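Shown next as structure tokens: one chain only, the form predicted alone.
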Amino acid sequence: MITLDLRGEVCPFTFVKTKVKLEELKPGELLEVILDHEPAVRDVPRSVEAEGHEVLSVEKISDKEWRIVIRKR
């Protein structure tokens, strides 16, 4: 699994950087995205699913941080 640390980034850069990283992966590979911008916790999963990828989990890992796991399609 590849980790993309986007703490400190805000929308729309969180999705743009996630999309660019997904383009580097092979189908079936997993991407872990770490975020601290709450709106991105909603926007990134919705946007990557619209691109055809699978969101496996969205979890809060600390008071202000979330972890999203995505499988590239």
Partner chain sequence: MLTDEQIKRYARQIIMPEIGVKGQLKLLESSVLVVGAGGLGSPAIQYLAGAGVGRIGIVDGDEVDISNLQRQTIHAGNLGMNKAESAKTFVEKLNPDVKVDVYPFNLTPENAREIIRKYDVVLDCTDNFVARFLINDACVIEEVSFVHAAVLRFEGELMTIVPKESACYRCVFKHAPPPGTVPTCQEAGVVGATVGVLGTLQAIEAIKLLLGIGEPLVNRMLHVDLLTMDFTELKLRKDPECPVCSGRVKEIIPEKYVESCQL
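Residue numbers count along the first chain shown, from 1. The shown structure was predicted, so the numbers you read here are calculated from the model rather than taken from an experiment.
Below, we refer to the form predicted together with its partner chain, which is not included among the displayed structures.
**Report entry** its partner chain contact at residue 20 in the predicted complex, heavy atom, 4.5 Å
**Finding:** Yes, residue 20 lies within 4.5 Å of its partner chain in the predicted complex.
| task | Check whether residue 52 has any heavy atom within 4.5 Å of a heavy atom of its partner chain in the predicted complex, and answer yes or no. | result | Contact check for residue 52: no, nothing within 4.5 Å of its partner chain in the predicted complex.
(request) Answer for residue 9 alone: is it within 4.5 Å of its partner chain in the predicted complex, judged on heavy atom distances? (result) Yes - in the predicted complex, heavy atoms of residue 9 and its partner chain come within 4.5 Å of each other.
Is there a non-hydrogen atom of residue 16 within 4.5 angstroms of a non-hydrogen atom of its partner chain in the predicted complex?
Close contact exists here: in the predicted complex, residue 16 approaches its partner chain to within 4.5 Å, heavy atoms only.
- Item | Contacts with its partner chain in the predicted complex - residues in 54-70 whose heavy atoms fall within 4.5 Å | Heavy-atom contacts to its partner chain in the predicted complex: nothing from 54-70.
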